[in-house]
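The form predicted alone is given below as one chain in structure tokens.
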């Protein structure tokens, strides 16, 4: 299996699939091609949340604001999985998750790509095909992969949690408008059914969206384990006036 993730929209992913299908008999699975444009951190968050649910696979992920520059291309061996993409941090959080913190990085020889603007097709898709054909345990023996001592790091900011309050920031907003913060969901332990103050305004803390009336705001814990600001049948980002990167303060 080879999974594909990008911020390309359409039709660019089709060209990557064409390269993969010409070189392998892999099952191709789209994760998403609608990640926020050029938002490496958002893509890294969603990859970390989604890819661990797959069986062993090669994961091709391209969110690449530095395409055509001297940024490296990498393949990462993480447990029974392999990750292929730009060396800009987008692969690092999920690599840690898949490999329980320890993973191996290999530089990819770009082999003079046809285009300086579409490395998804010309660099990463051929590399993912080579990894798939050689196998996760042996791809690094191919000439195009060279061991690397380091990789561009990407970590998510940690919230400050004290007794009765938490200060953090919005990491991402999903397509429903659910506003996902970096505040750990444990701050709501024992508080469901009560009220939480978000940036000075009160909102109910509930376990499910439907626990409040349609159109009503709520504070909950999403499947990712973080505090989420939402609206039942509405958009939490609009109702709370927040977007990715904004600071948020909760009082419980």
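Positions refer to the first chain, counted from 1. Bear in mind the structure is a predicted one, so any value in this text is a computation, not a measurement.
FYI, the form predicted in complex with a further copy of the same chain isn't displayed, but the following is about it.
Participant: Note which of 30, 201, 213, 195 lies within 4.5 Å of a further copy of the same chain in the predicted bound form, where distance is taken over heavy atoms; exactly one does.
Facilitator: Of the candidates 30, 201, 213, 195, 30 is the one lying within 4.5 Å of a further copy of the same chain in the predicted bound form.
Participant: At 4.5 Å between heavy atoms, only one of the stretches 159-167, 83-91, 113-121, 146-154 reaches a further copy of the same chain in the predicted bound form; which one is it?
Facilitator: It is the stretch 113-121.
Participant: At the 4.5 Å heavy atom threshold, is residue 241 in contact with a further copy of the same chain in the predicted bound form?
Facilitator: Flag for residue 241 set to no.
Participant: Flag residue 186 as yes or no: does it have a non-hydrogen atom within 4.5 angstroms of any non-hydrogen atom of a further copy of the same chain in the predicted bound form?
Facilitator: No.
Participant: Any of the heavy atoms of residue 133 lying within 4.5 Å of a further copy of the same chain in the predicted bound form?
Facilitator: No, residue 133 is distant from the partner.
Participant: Decide whether residue 1 counts as a contact residue for a further copy of the same chain in the predicted bound form under a heavy atom distance cut-off of 4.5 Å.
Facilitator: Yes - in the predicted bound form, heavy atoms of residue 1 and a further copy of the same chain come within 4.5 Å of each other.
Participant: Counting only non-hydrogen atoms and a 4.5 Å cut-off, give the residues of 194-223 close to a further copy of the same chain in the predicted bound form.
Facilitator: Those in contact are 207, 208, 209, 210, 220, 221, 222, 223.
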